[in-house]
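Consider the single chain below, provided in structure tokens and representing the form predicted alone.
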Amino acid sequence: MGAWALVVVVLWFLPSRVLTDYQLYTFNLALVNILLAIGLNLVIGVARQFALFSGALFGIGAYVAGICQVRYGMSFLAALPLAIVAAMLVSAATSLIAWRAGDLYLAMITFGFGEIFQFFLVHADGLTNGPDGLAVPRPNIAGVSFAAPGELHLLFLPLTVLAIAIYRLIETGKLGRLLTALGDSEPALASTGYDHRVVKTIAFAIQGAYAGLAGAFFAAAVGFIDPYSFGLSVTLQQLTAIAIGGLGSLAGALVGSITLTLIDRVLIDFPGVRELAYGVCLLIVFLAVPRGLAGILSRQKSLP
């Protein structure tokens, strides 16, 4: 525990002193992707519910945070819990579909939800400013502006670490065992006296909370959001991240999301090459290390 605390302190103080603004911006995007990846990992990697609407939940968090600040003059800290709760409620409501549908049907239905949400963002001009997008103010807390990437980093990192710690508590606790049992066998879970539908709803709600937090962070970091930033490509990128890192593993979600963030920033000016790089990474991992990059780390630890 002491070693991890030291790492967090170093990551909080050091980057703003040694990294450029662009590198700090990339660091902040990595934190956003970590939150998205661990939420998606819980639903797909642990609970085995193949839902493809992470991008829509991400967009809900970003737009709720942005609209609350732009339209209603709320502060970032006041808008943040609303963004989390909004995405959480929508995700929990969508889980009702998972009560009856699964596998491919669930994937297609949640994909459809994501497309409908993007259509709404484009055409709800009075609320979202439509395809022109929405300029989002930088966080200002107690008169202190968090405008520069280094300042945002000081705000984002502690909240991300807290979110990871909460996820770890979920993963190692009773709820984590229930979610794993849900992914292994719904009938077996039901035989223990637990309603699989309730467990599904909890899993979806947790994913929504993480996606909502990530969306609020993204809006603050970028300063501008538009409907096309929250499509299926976001979900596929995060799905690639957890597959590369290792499905069902917190370490895998962390490693995979950081890896994909770096690839994305290096190849940002080459869209076709970027997608090709994602595919190559997936092939290499699936062929060489089926358990993902986190599997390499765990294997190294197990060696004498």
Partner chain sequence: MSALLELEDVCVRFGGLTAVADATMSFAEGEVHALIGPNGAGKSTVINCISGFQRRSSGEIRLGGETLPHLDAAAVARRGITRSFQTPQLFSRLSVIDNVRVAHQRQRRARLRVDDLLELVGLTEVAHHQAENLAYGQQRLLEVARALASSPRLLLLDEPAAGLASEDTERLSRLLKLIVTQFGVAVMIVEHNVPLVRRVADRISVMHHGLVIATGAPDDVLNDPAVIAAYLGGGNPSTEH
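What you are looking at is a predicted structure, and each value in this text was computed from that prediction instead of being measured. Residue numbers count along the first chain shown, from 1.
The form predicted together with the partner chain exists for this protein as well; it is not shown, and the discussion that follows is about that form.
Stretch-level contact analysis of 191-199, 96-104, 228-236, 142-150 against the partner chain in the model of the complex, using heavy atoms and a 4.5 Å limit, identifies 191-199. By the criterion of a heavy atom within 4.5 Å, Leu178 is counted among the residues contacting the partner chain in the model of the complex. Proximity of Gly183 to the partner chain in the model of the complex: non-hydrogen atoms within 4.5 Å are present. The partner chain is not drawn, but in the model of the complex it has a heavy atom within 4.5 Å of Pro187.
Contact check for Val46: a heavy atom falls within 4.5 Å of the partner chain in the model of the complex.
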